[in-house]
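In the structure tokens that follow, the same protein chain appears in two forms, which are kept apart as structure 1 and structure 2.
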Structure 1
């Protein structure tokens, strides 16, 4: 016994010793009231200092796993509720096996079936990967983030480590409300809820708007964000997709669908700026036309404020919620995750005050509140004026990569139709005979992977000749090399 202790990493050795002995007690290797080796003896057995063992024994006492008898040493405490692992089926053991798969409900089963990450593309180290559209962490200004954390802790200290509010950290809410007002949004009658990223906010809105007596019905662009498709389906919504044109959703088809079924739809999900996956920015004319239709048919709109800051050229285009004026029919879900620090997991929902009131209660019931530390760091970072400086730098770098990726596609994939007005990716449409899953397999053998585009379409079998090419985390050399390899493999299919 005590021969298998291994000191690992930079963790305090006393804690490692304490946890090692604790595991022996829980497994039954050390019995109740058994005397532990003396501190001098244990230090020799484990090859650690005696002071380390003394601290570990004190920790065991604090945790209720040991007790000391003055002048005699330390002993194993009797434990309630622990059954030794080697007792097997002995009387008093509660070991039994449950078939958890058989107990999963439809929601859990569907979540696995729709989980693209579990079905994701696996590739060896060194592969050129165009699958990510996350920001490049090399651009993160760590010094400014550290300063924001220290500044906020100096102001509020221990308060930030306690429970926060379900609605969110008020200084951040106030800042983001002004931020949205600067985008042209009329804040009359509106309020905001802070969430743990876009996805949580979207899921909460869907759960609040899902009809109780029947399946819901939603209208969206086709293709669209696969995470949105997953969550809409998990919440029981039937999806109707409207094709995309070069300047956004096909308004004529949208109107035709609404005229045919004027009372069917419970909501619309739209990404007007730097649409995922096509990268298209909806034109001002189409924004007005879409809002006119949504108003006429009284369909609430969930607007995904995806990548709005990554505009590389052209004038600012107001979000749909800004075109709604004092109207309350648009729910805007925002996040800086694709631009700034996705690890902070902070997003927001801006909408009618009555809606936010209900969402606040849903939030409190589910997760109590979004991390106050995360919210406060983001707030101080924004307050310090770092965001504009960072976005300017990020915009320049991503624009350069965008232009390099676009030029490489035009050189090596001349038969391909490109879309993407900004953001962190391009969407490629090949001639109809090309299957991008088969193309992916061929490219994977050559050390290149990408995201097949069919996962962004509503119906199975759609978009088999499309792919999304994320360039944000790929080096210049690999961008050109990877696209050249895709082009070489494509010629074999054509």
Structure 2
């Protein structure tokens, strides 16, 4: 025994010795009340210093795995309640098996069925992938993030590590309220909740607005963000999709749907700023028209502020919540995660005070509060002015890639309808009859993948001739090369 101890570099050796002995006890190789080798002996056996062994034995005692008899040595403590690995089958009395799959309810089953990540497109290394719309981490200014952390730590110290508030980190709320005010939002009667990213905010809002006694009904753009479709379906909403035009949702169709069933809808989910997947920015005229309809039919709007910050050019366009003035019909869900750092899970919900009060309790019941470290790093980073600097750089870089992607599409995919006014992706519509799942199969063999567009549509079978090209994490060379390959394969399907 004790021959197979090996310690690894970057962890205190005494802890490694403690854990090693613990495992021998757990496995049953060391029995209750068995004497452990003396510290001098063990030091020789494991080839570590005697002080290390002394510290390890103390640790074993602290954790209840050993006891010391003064003048005699250390002994293995009795292991209460253990089923030793080698007798698990024999004793077996508690080792019953539950069929967990059979115990899962509809919600859990749907969560798996609707989980696109689990049906993700796998491709060998070296494949040119247009599937991601995550930011390019090469742009991240790590030094600024590190400084933000250290700055905040120096100011707040231990407080950052103890419990925070469900509503969020106060300095960040204040900052973001002002930030939204600077987008033209009238804050009177409104309040804000910090969430762990957009998704948590969206899911919580839906869980509060889902009717108790019947299925909910929601209006959305068609196509729209597939994660939003997933969450709406998971929360039991039936979706009515309104087609997209070049300048945003088709307002006439929207009106027709509302006229037909004026009291049917519980809410509308809209992404006016960088619609995902089409990349379309809703025109100011349409924003007014949409808000006017929503007002007439009294339908609450969930506004997805998705990548609003990445507009490359043009005049500032106010979000819907600003257009609503003192009205409280719009719930705005924002996040810097998508532009800035997705690893920091911070988003916010801005809306009517009574609504936020309910969401705060739901937040507390679900996750207590969002990571204070994340919130405080983001706050200090914003305060230090790094965000403005970063966005300037990011806009420039993504704009360049956007133009390259667009030009490559125009060269190699001449028959294709393009949409996307910026952001991190373009949306392509081929002549009907082209099936982008089959196109994907063909391209994959040539080392190129993308996201077929049908998953962004409400009804199965819609949008089979569409695809989304995410370019944020693809090099210039690969953008051109990848689109050329897609073009070559496409000719086989035309």
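Quantities reported herein were computed from a predicted structural model and do not represent experimental measurements. Residue numbers count along the first chain shown, from 1. For clarity, a rigid core is taken as the largest C-alpha set superposing within 1.5 Å between two forms.
- Structure 2, not structure 1, is the form predicted in complex with another copy of the chain.
- After superposing the rigid core, the C-alpha of residue 464 moves by less than 2 Å between structure 1 and structure 2.
- Once the rigid core is overlaid between structure 1 and structure 2, residue 474 does not reach a Cα shift of 2 Å, moving by less than that.
- If you fit the rigid core between structure 1 and structure 2, you'll see the Cα of residue 408 move by less than 2 angstroms.
- If you overlay the core, the Cα of residue 8 moves by 4.5 Å between structure 1 and structure 2.
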